[in-house]
Structure formats: C-alpha cells, structure tokens
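Only one chain is given next, in structure tokens, and it is the form predicted on its own.
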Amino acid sequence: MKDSIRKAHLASVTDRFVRGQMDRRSFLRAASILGLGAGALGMGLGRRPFYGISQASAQEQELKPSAEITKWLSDVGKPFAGTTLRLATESTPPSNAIATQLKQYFEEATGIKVEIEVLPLEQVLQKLTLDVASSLGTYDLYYIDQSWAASFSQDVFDPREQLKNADLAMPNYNIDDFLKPLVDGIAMYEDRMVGVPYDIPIFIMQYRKDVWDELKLPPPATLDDLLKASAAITDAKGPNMYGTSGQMKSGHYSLECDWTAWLWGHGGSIFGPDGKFTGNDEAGLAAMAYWDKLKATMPPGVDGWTWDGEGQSVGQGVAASMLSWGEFFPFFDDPKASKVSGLMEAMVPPKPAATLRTVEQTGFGEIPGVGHQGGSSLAVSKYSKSPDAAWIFMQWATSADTQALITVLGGGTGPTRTSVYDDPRVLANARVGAGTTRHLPVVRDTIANYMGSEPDLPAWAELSSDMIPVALGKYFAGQSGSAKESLDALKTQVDDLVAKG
C-alpha cells in the first residue's frame, strides 16, 4: 500500500472513530493494520491520570522567561511578526502551562500568535491524521505520542537538521541535554529523531510515610516489602484504610500498565525473542501469584478504577500507597485537593523480585523495568506554511528555561531535560504544597535506571487496550479459571493476532 493511501485510510478511520461512527475495537484493529501504534489511546479514551488535578503554584518566585531568551526571541522573531501558529495537543502539564501562562511572553517578544487547542488524545490524533493525509498544513506543530512516532516520522522535521540553520538556532539550546533514555524511548524511530521529548509520565512508588512510621514498617524498597507492608496496613486499619491501590478496570489500558510492572518485576516479559507471548511462563505466573496477594490488600472498588480512581483512593486517605504515575504526587501535596498533603513520600520503584530480562531476551523492542513509562514529543510539521516560525516556537517551548517554568507552573511535571532537574527555580519548589517538585529526584532516577517500555509492533494497539486488559479483567472477575488457564488462553489469542501481522 502506498504511503499516501495508507495515510488517507488512517485519517478516515480515526475521523470515523472520533465521530462515533466506529466502535473502539474496530478502530484499534484498523489502526493496527494501518501501522499506527495507538496503544496510548487507552489513555485517551479516558483521560491523562493527572488531568487538571494539580494546579500551578508560583509561590513567591518571580517566574518569567529569562531576559536573554526574550532578547533572542525579539531579534529572531521580527521577520515572522504577524504569523499565526497552530498546535493541537493533549491536556498535559506542559501544554496547559504554555497555553494559559507562558505563551504570552513568546507572543509579546516575537509578534507571532500561537493558537493551542487542548483536546482529548483521540481528537489530537484525528487532527494530526487529517492534516497529514491532506498535507494542508493546518497545524504547524505536532504533539506526537510515543506510540505514533513510527507512523509520522516522515511528516516532521528532524530537529537535528533544523539546528544546522544557525540564523534560527537558539543559543545554548543543547539537544544533548534531553535525557537519553527518553530520546531513545520516545523520540527516535530508526535513524530519525521525531521531535524532542516533551513530557514523561512514569511509574514511581508513592506511600504514606506517617502510616509506615506508625506501624514501624520498612520503606517499600522491594516488591516483597510492598506486599508485606500493604497486608500489615490493611490488617491494622481496614476497612477504613487499605495498604495499597491499583488501576485495575477490566478492559482498560490502565490494567495492562499495572500488569507489565508486576510482570517485568518478576523477571518476565510480554514477548520472547521469537515474537511469541511469554506472559504465561514461570515468571508470568509468579507475577500473577504476587498480584493476587497484593490485590487482597487493596480497596474493594479497585476492579472498577483506572488511574483516576487509584489516585483519588490515595488522595482521600482510603489507600496508603500506590506504584503509579509520578505526576499524581503534586496533587497529593495540594491541601485543597487531597487529605494527605505533606504525608506522602516518593521512592524509586521497588526492586524486582527476579533479574530483569534484557531487551535481547524479549521481543519487539520491549524493555523490562518496574517504572512503566509513557510520553510524547513535540515536532514541526513538514506541511507547515511557517516552518521557521514554528521552529522558533518549538525551541522556546522545549528550552531549559521554559521547561523550568513549566515544571514549577505546571504542577510538578517531570522535565525531559537533565539540567532542569537542577534548576534553582525547580529546586526552590521542592516543598510541601500544590505543584511541589520534591518528588522529581525520584522521577529522574527512575527514568535513568528503572524505566520500562512496552513493545512496539502493529498489533500492540489492540493487545494493550483490549485483548490483554479484557483477559486480565475476566481472570480477576473469576470468569476464566486459574491464572495459568487464563494466561494460556491469552497466549493463544495473542500469538494468533501477531501472526496475522
């Protein structure tokens, strides 16, 4: 199939799905066939776990772009004054901070207007596919989920090439400052750099230190520590408080995210090097046995929760811990939104119960690690009518100075640049309160040393957002027999689907 025809088909099915003319399962299957890694739509079909739950907290700092950056914007932007740039993006902390608090500085300095549409992820994909298929250049910048990088790698400029234009290059932009695991895991497809890393949701350990201290429990440094502590807390404080929580809604992508963390943490993997499903092997069954015991320490409603329910259970004091998205932590510290402000502690994910498999021991580029990650890139569209102006905006939006402002104003989101973690403005916000950054050293360590990434294959959209979480949901509902019987049946389904290509 010619690439132009594939893009047209992809745009059509995405548009039909968003308009409600195609069901979710049919869309995922069609998207897979057309080569779109749409696994993240499992998130878009709900919403980002951190959507709007922690508002910016400027504190006493004067938070404005640096005078040097503003001077550069003023000089380089003059020829493009009067231009209007457009970006469609998911509601993420970076996008929200730029749209509501920061773009005014860019617009005042350059005379370039920026229109940012903040939309559910499936609508962002709809806008992107239609724009690419038509080549109209309605949008100048693309928000690209990591699972879309392969599909749109030829539709955006490689930022390394753009940097060669010295007339437009921001001083000290330093592309090597982006955290390498994120560049490799989010922004690279084959030899092309598909934008630069824009945001990074990732699993970290978050727990109630006051409860742990009261019961004299060791911090959950290992999976065994977490299980024992969770059981002890549930025994001591249930039914008012449970030891830990989860995002275990049947058929939802969130359940797949939890599964991979436990699976990888027990030395397992989704696929072997031959491309066959291995989630039902000895390590996979050990993970399920562990998960069964851990679930017994969770609140009764966990079977119906995605990340929102999980986060709320901790924020409202119903559960004492969770291994989940780090961007919840600033919400927990917000006294207006949660009952646990100042009581939570962040740690790197618990140490695995068995040696992690290497990438060579898995399939489709799967990277085992308890710190399950998501993420996105920002790129300039090749169809933009104003690519130079868009490149100026993109450099500003992803520069170290702007990332520091986003991190503080945007609710403690995890920076994608190394230097931002050490920025004085970010460090100054490492105190209890809304939008705290006191968890970010843990996020940085997790990205560098404990990050796990899902496999990359066409069928992954359907597997991650439908087949696997449906099978797991049936198991926990007692509808599919033992763990071995359930996973053996899942293996047959997965291998059949992957074999179809």
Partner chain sequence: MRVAQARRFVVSDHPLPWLLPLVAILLVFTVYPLIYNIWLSFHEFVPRRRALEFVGTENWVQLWNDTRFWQSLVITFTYFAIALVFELVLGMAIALLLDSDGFGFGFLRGVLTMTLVIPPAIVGMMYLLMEDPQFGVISYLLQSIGLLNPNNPILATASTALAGVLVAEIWQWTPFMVLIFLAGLRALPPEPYEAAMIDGASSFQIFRRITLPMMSKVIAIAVLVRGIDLFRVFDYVFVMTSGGPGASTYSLSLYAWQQTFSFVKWGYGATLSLVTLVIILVIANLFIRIAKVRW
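Numbering follows the first chain given and starts at 1. We call the rigid core whatever largest set of C-alpha positions still superposes within 1.5 Å between the two forms. These numbers come from a predicted model, not from an experiment.
There is another form of this protein, the form predicted together with the partner chain, and it is not shown here; the text below is about that form.
- Only one of 145-153, 354-362, 392-400, 333-341 places residue heavy atoms within 4.5 angstroms of the partner chain in the predicted complex, namely 145-153.
- The contact residue chosen from H372, R208, K103, K249 relative to the partner chain in the predicted complex is K249, the criterion being a non-hydrogen atom within 4.5 angstroms.
- Checking V132, L217, V196, I112 for any heavy atom within 4.5 Å of the partner chain in the predicted complex turns up a single hit: V132.
- S230 falls outside the set of residues with a heavy atom inside 4.5 Å of the partner chain in the predicted complex.
- Looking at D466, you'd find a heavy atom of it within 4.5 angstroms of the partner chain in the predicted complex.
- Looking at A461, you'd find a heavy atom of it within 4.5 angstroms of the partner chain in the predicted complex.
- Interface membership of P299, defined by any non-hydrogen atom within 4.5 Å of the partner chain in the predicted complex, is confirmed.
- If you check the partner chain in the predicted complex, you find no heavy atom from any of Y173, S419 and P424 within 4.5 Å.
- Of the residues in 304-342, those that come within 4.5 Å of the partner chain in the predicted complex through at least one heavy atom are, in sequence order, G304, W305, V318.
- For H252, a C-alpha deviation of 2 angstroms or more is recorded between the shown form and the other one after rigid-core alignment.
- Once both forms are fitted on their rigid core, the CA atom of G473 lies 2 Å or more apart between the shown form and the other one.
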